[in-house]
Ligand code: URA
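A single chain comes next, written as structure tokens; it is the form predicted on its own.
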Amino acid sequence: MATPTTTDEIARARRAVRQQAETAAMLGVDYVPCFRTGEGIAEVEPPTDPAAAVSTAADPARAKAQQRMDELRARYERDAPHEKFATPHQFTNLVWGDGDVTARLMFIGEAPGADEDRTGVPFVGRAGQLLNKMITAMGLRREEVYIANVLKTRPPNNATPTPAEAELCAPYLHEQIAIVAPEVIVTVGLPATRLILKSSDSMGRLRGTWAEYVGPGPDGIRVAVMPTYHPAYLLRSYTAENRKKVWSDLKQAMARLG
């Protein structure tokens, strides 16, 4: 990237640096890595069109994965497991998933909220905005990861998914994971973590420690899992200690991905 010279370019560069610093401070980052070349700081030039990074047109494997994901969603809509919940969900939109269907990193949350129900896209409300900052702090774009929830419909009053609800929706999440085939899963929050790891431990005991997801069946996919706190929990308990814990978890995921 060329050195900024005009007033507008300098202003944009300053805004970018300030936003990155604010994101780092929000997560409790205690260092900023710099990579230098012989001519100065090395930067990665993003594609002109962000969609190009996940284009299916020029990538047969991604196109096939997208077709499988679309077919799975259609099957979910036919099966409608949410209609079997003890308290049926009165939802506006199905919230399926978002991002690159062949991503190396997958985030799994618990259920859509009001903003997600309105848009049909996971993690777009306040918690989603914080998740976006977390992804940016990892040196990635949202378009480069895959994001899904255990439940695909908003629970009444944003209630925590019950174990029974999670189990009804689990087969579809397992297939989503198999299609994406990520190298690392970051589970955010206790419901997602317990379902993925088949554990009854507390979040305090589970987070920050590597575990393994084993998909159903004799040939089930195996994926490294890093549990961490849900962004909504961080918003409620926005302490330096909690932010540093989450950043520590994300750094471990970054290291695993190389």
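Note that residue numbering begins at 1 and tracks the sequence as displayed. Remember, predicted model here, so these are calculated numbers, not experimental data.
Although not depicted, the form predicted together with the named molecule is the subject of the following passage.
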So if I measure heavy atom distances to the named molecule in the predicted bound form, which of the stretches 133 to 141, 168 to 176, 72 to 80, 103 to 111 falls within 4.5 Å? 103 to 111
Contact with the named molecule in the predicted bound form for Asn149, defined as at least one heavy atom pair within 4.5 Å: yes or no? yes
Indicate whether Arg194 is a 4.5 Å heavy atom neighbour of the named molecule in the predicted bound form. no
Please determine whether Arg207 contacts the named molecule in the predicted bound form, using a 4.5 Å cut-off between heavy atoms. no
